[in-house]
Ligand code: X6L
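Take a look at this one chain, the form predicted on its own, written out in structure tokens.
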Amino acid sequence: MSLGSNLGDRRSYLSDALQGLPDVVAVSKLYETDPVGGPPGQGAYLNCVVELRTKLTPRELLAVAQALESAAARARVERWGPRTLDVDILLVGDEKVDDPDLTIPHPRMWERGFVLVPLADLAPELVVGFLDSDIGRGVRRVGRLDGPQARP
């Protein structure tokens, strides 16, 4: 799963979301990136990727993601607009879902440095051939989220 925030106390929104995720086994380092798409003038995002080992279905994970976003008072005003919290399901094992409200694997993950760079922290074998210097440009490591699940 991918977590991102560019409004308010970004680190707190991500930390709270991390605590609300079930079955966390690893968390990438924390990265800051400029917004991709959306309206001009947005602030930078903090992003990380979280690995779960769960028996939850993709639909159940979507419900968790939406509940976390709601708890963070996310407002869906404009596509790719600023947000307190964005929680995306990237992969669920080898499962594929192609529904109007849920696509797994995430359809744009292979094009986004703010996803691929932190994903490489946890599963470098997944990004081989996708992560090059251009796609990772502008992704700046800024530390990690506090917590026992964070990988050094």
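Note that this is a predicted model, so its numbers are computed, not measured. Just count from 1 along the sequence shown to find any residue number.
Same protein, other form: the form predicted in complex with the named molecule, not shown, and the subject of what follows.
Only one of the listed residues (G37, G93, P124, P107) places a non-hydrogen atom within 4.5 angstroms of the named molecule in the model of the complex, and that residue is G37. Interface membership of T33, defined by any non-hydrogen atom within 4.5 Å of the named molecule in the model of the complex, is confirmed. Within 4.5 Å of some heavy atom of the named molecule in the model of the complex lies at least one heavy atom of R83. Interface membership of R112, defined by any non-hydrogen atom within 4.5 Å of the named molecule in the model of the complex, is confirmed. The named molecule is not drawn, but in the model of the complex it has no heavy atom within 4.5 Å of S28. In summary, the region of this chain contacting the named molecule in the model of the complex, judged by heavy atoms within 4.5 Å and restricted to 116-124, 43-51, 96-104, 59-67, corresponds to 43-51.
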